[in-house]
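First, one chain by itself in structure tokens, the form predicted alone.
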């Protein structure tokens, strides 16, 4: 079985698993959790295109995530756009904003780039909460964000919405895989490893960085729109820096630079958050401890650690 065939098989298996769970007697609380896992998996897969593939540490991705949520809310509730058109617009909006931010921030590198994106994200949080109330609803947010109706099927229930998110996730995961394997993706990976050498070969490295950052913003916008639809609500809280920190933790926890690592990391993060929050209000500290331990003992994340164990188990 080739790597491409194996990827398609695993992706379809994940989507099929979501379908089975949606059609069986899984409780309402677990359905919401599974939906959140798929939404954040889309976010993390897109984030890893910038972080894991291109080596761009962004601390402002929550801005693109939040823009997607607000675009979907406004376009469906006020402009009465069809859900799918509004979802696509949310992704494009996130991509355009990411391209604009990247065009400025990528004049810097390393921690300075990260700090500029953090500052931009916090600026968007302040604007959404105070200065753009007519569009964002201020701190009260926007409630009543709709769910899709496709081919006469209403996805209002969490059970059916899980099917919708599974299909979107599967499509975007396959697109990310194709992008990574393409000449464009190989150049971006080469820029992370040796930008000087890529420049010497005649490639405009900054253009490639901006482009992959825009694609990452597109994924963030789609994920934000899906979350707003899932929760029937969009608020400035999703633009806080903690959202950017969460997706970074998911990516590193699962294995940055690997296709399925961010998916595993998103699932582990959401499951740990759900279980630890039942035990204590200080669950973030416990989650941080788990993250530190994984970083120390499995620098490649869960996927990297699993790969090493499998190699050792082989005769």
Partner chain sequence: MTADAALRCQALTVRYGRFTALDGFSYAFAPGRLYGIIGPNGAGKTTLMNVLVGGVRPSAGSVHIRETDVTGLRVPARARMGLGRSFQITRTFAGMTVFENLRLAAQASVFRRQPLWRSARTFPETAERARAMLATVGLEREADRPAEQLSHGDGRALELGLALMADPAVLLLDEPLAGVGHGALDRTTDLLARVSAGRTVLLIEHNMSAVMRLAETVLVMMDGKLIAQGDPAAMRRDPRVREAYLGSDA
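Keep in mind that this is a model prediction, so the values were computed, not measured. Numbering follows the first chain given and starts at 1.
There is also a form predicted together with its partner chain; it is not shown, and the following applies to it.
Peer 1: Using a 4.5 Å heavy atom cut-off, are 183, 197 and 203 all in contact with its partner chain in the predicted complex?
Peer 2: The answer is yes; 183, 197 and 203 each reach its partner chain.
Peer 1: Consider residue 178 of the chain shown here, and say whether it contacts its partner chain in the predicted complex, taking contact as heavy atoms within 4.5 Å.
Peer 2: Yes, residue 178 lies within 4.5 Å of its partner chain in the predicted complex.
Peer 1: Evaluate residue 187 for contact with its partner chain in the predicted complex, applying a 4.5 angstroms cut-off between non-hydrogen atoms, and reply yes or no.
Peer 2: So residue 187 counts as contacting its partner chain.
Peer 1: Though only this chain appears here, would residue 81 touch its partner chain in the predicted complex if you measure heavy atom gaps against 4.5 Å?
Peer 2: So residue 81 does not count as contacting its partner chain.
Peer 1: Under a 4.5 Å heavy atom criterion, is residue 155 part of the interface with its partner chain in the predicted complex?
Peer 2: Contact with its partner chain, no.
Peer 1: Heavy atoms within 4.5 Å of its partner chain in the predicted complex: which stretch in 140-148, 218-226, 188-196, 86-94 meets that?
Peer 2: That would be 188-196.
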